[in-house]
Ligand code: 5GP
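First, one chain by itself in structure tokens, the form predicted on its own.
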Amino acid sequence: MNEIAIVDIKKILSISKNITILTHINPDGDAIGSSLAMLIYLTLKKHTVSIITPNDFPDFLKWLPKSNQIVVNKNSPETALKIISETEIFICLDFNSLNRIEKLAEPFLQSKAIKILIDHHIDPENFADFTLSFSNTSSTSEIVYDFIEFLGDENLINKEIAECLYVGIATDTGSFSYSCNHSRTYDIVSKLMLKEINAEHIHRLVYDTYSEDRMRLLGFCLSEKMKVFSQYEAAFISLTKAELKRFNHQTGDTEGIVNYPLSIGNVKMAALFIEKDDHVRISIRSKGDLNVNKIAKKYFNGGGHKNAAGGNSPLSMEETINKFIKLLPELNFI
């Protein structure tokens, strides 16, 4: 942790402020978990705190404490703009590029509020007054724990904060199956467990509350839509808007689907293509040393982590898939 920045941030937070927490579009468990943990912590410190997300978040996260306080910009843009206009400090969590907050980027940049970035993605943009970026960390939630600890407030981490941080760490590591090969991650989880959280119950709330439609969508993806290119050690799944509608798609229903092809022994990279109104959303995952962050940045205007990245394509679904297939021989997957 940057001790010089922490000293300055601690001084800034020593007086009650209007603070707004921002996180990325299509917020996942780490985005929501870290944001809610930060909200609860700062509220205990007597600040006035809001969370704004660009769009809605999955139902399987809506049991988390204080999640009903989250303002979704897509649903309540006037409320979001009013909050932003009154903000004295922004805390940006789990994103490092302004295109990840979409329509919120312009009012955010126009604001003269102090801007703090806390994130674990590679190559952060220079838009914050203070940047705490650690790409070798499992999750933003792990960094939030360290942040609270460095501010001298570890004693304020209660059961609610612990539940939020645990969800963030667990979901961003695939239930501790990747991006978690550091003892510090488990040290923090051990400390969270001491707050009497029920990890087994949390797992059920996050992973065992699928709708029938979501389960059938997963089955459809694996049986009908998964394409494997053994010669390139790659695979992909694609979903059109019509296919999503067929399975009554809800926010979060495609979460984690991209990881399934990686369970195939000789597949080192997997991609998921999802058709949107004016673009195709691409999620890419890999095993081992294959850096999909570079692939996402170079070919799909995106980025992320070494083994987990995403991007967008302005082309049609068919054109996007063809572009991806043509890239495979060049990427030396074998």
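Start at 1 with the first residue shown and count on from there. Computed from a prediction, not measured in an experiment: that's the story for all the values here.
The following text describes the form predicted together with the named molecule, which does not appear among the structures shown.
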Fill in the blank from the handout: Partner contact check in the predicted complex: of 277-285, 58-66, 261-269, 37-45, the stretch with a heavy atom within 4.5 Å of the named molecule is 277-285
Practice task
Although the named molecule is absent from this view, report whether N291 comes within 4.5 Å of it in the predicted complex, heavy atoms only.
Solution key: no
Practice task
Give a yes/no on whether A309 approaches the named molecule to within 4.5 Å in the predicted complex, heavy atoms considered.
Solution key: yes
Practice task
Examine R214 and determine whether its closest non-hydrogen atom to the named molecule in the predicted complex is within 4.5 angstroms.
Solution key: no
Handout entry: Touches the named molecule in the predicted complex: G304 (any heavy atom, 4.5 Å)
Key = yes
Exercise for the section: Would you kindly say which of H249, H121, K225, K115 lies with a heavy atom within 4.5 Å of the named molecule in the predicted complex? Expected result: H121
Exercise for the section: Name the residue from T173, S133, S238, S97 that puts a heavy atom within 4.5 Å of the named molecule in the predicted complex. Expected result: S97
